Ligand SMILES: Cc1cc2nc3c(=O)[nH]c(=O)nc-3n(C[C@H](O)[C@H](O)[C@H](O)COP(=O)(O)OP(=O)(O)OC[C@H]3O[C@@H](n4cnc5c(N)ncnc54)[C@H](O)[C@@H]3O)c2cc1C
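Given as structure tokens, the chain that follows is alone and in the form predicted on its own.
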Amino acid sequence: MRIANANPFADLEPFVQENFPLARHTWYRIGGPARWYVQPRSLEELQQAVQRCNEAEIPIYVLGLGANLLVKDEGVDGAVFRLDDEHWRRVRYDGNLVEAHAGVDLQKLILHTVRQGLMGIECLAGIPGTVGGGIRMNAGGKFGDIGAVVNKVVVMDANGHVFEREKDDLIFDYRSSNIAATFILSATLELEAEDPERIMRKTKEIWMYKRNTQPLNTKSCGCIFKNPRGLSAGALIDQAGLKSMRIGGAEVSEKHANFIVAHPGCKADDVLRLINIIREKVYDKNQVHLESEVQIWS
């Protein structure tokens, strides 16, 4: 589908940009531009822009911190929404309940909750992302996931309708949730009171484990593949002898085989080619199909 040349956002320039480079907003620092880049400063502006997308049949993409994302070299022929204005980064505390809007940085939220003496999301230490993105994919790891503490989520569908999803109506699974609405606007997390020093010790232990086992100081997007049930994707890739394998500027990390590192000059196509080779080699050796965890935009 080709998008019409006429500017569907002609009077929304204060928060909509055209042909916007996305690479700077992804952890990989690679990939092409967005045809439209939308940064609404309120719910009303978000609804306005979504209505324009619907009228012009423009595909909608939602960008968080860009950690679990690979943008293809040709860019995104659609509208990329980013809820990063101050309006979307508000946090409110009510006893052990924390209401956090979609654009809140998860790592900053962890530090704030620790200082408040609230336990429950320290398991996410070292996992980059926003509250919206984290809930969408049920961010987590061996120490736990965010879905375990979600009490309520406020969402908006592709038609601009806002509604709440209560705890009993939410299902969180491995790297997934049953939230189908296009936008997650905010979430209420139910945490537990605990001694701040004890939570901080646990947070630091989790962070140190991540630092020692993952290439956190490199350009990557986190884990490339989901772990097959009962198996480790990293171990399968290692057993296939693929650590340090390189295609162009993309390399399988020596530290953790489920990470692909982008070296200077790397293209998104290098990463994609390496992903395909890894998938083929692992299947040839173990007859296991690796499912992508990274989101690929084109």
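Quick note: we count residues from 1 along the sequence shown, nothing fancier. All figures in this text were calculated on a predicted structure; none of them were measured in a lab.
Quick note: we don't show the form predicted in complex with this ligand, though the next part is all about it.
Location of this ligand contact in the model of the complex, chosen stretch of 124 to 132, 189 to 197, 89 to 97, 164 to 172 [non-hydrogen atom, 4.5 Å]: Looking at the other structure, the answer is 124 to 132.
Heavy atom within 4.5 Å of this ligand in the model of the complex - residue from Gln116, Ser177, Thr182, Asn227: None of the others qualify; the residue that does is Thr182.
This ligand: the contacting residue among Gly140, Gly120, Gly78, Gly160 in the model of the complex [heavy atom, 4.5 Å]: Spelling it out, the residue with a heavy atom inside the cut-off is Gly140.
4.5 angstroms heavy atom contact with this ligand in the model of the complex for Val153: Heavy-atom contact with this ligand at 4.5 Å: absent for Val153.
Exercise: Asn68 in contact with this ligand in the model of the complex, heavy atom 4.5 Å: Yes, Asn68 is a contact residue.
Partner proximity in the model of the complex: Gln214 to this ligand, non-hydrogen atom cutoff 4.5 Å: Heavy-atom contact with this ligand at 4.5 Å: present for Gln214.
Exercise: Gly64 in contact with this ligand in the model of the complex, heavy atom 4.5 Å: Yes, contact at 4.5 Å.
Sequence-ordered residues of 238 to 265 touching this ligand in the model of the complex, heavy atom within 4.5 Å: Contacts from 238 to 265: just Phe259.
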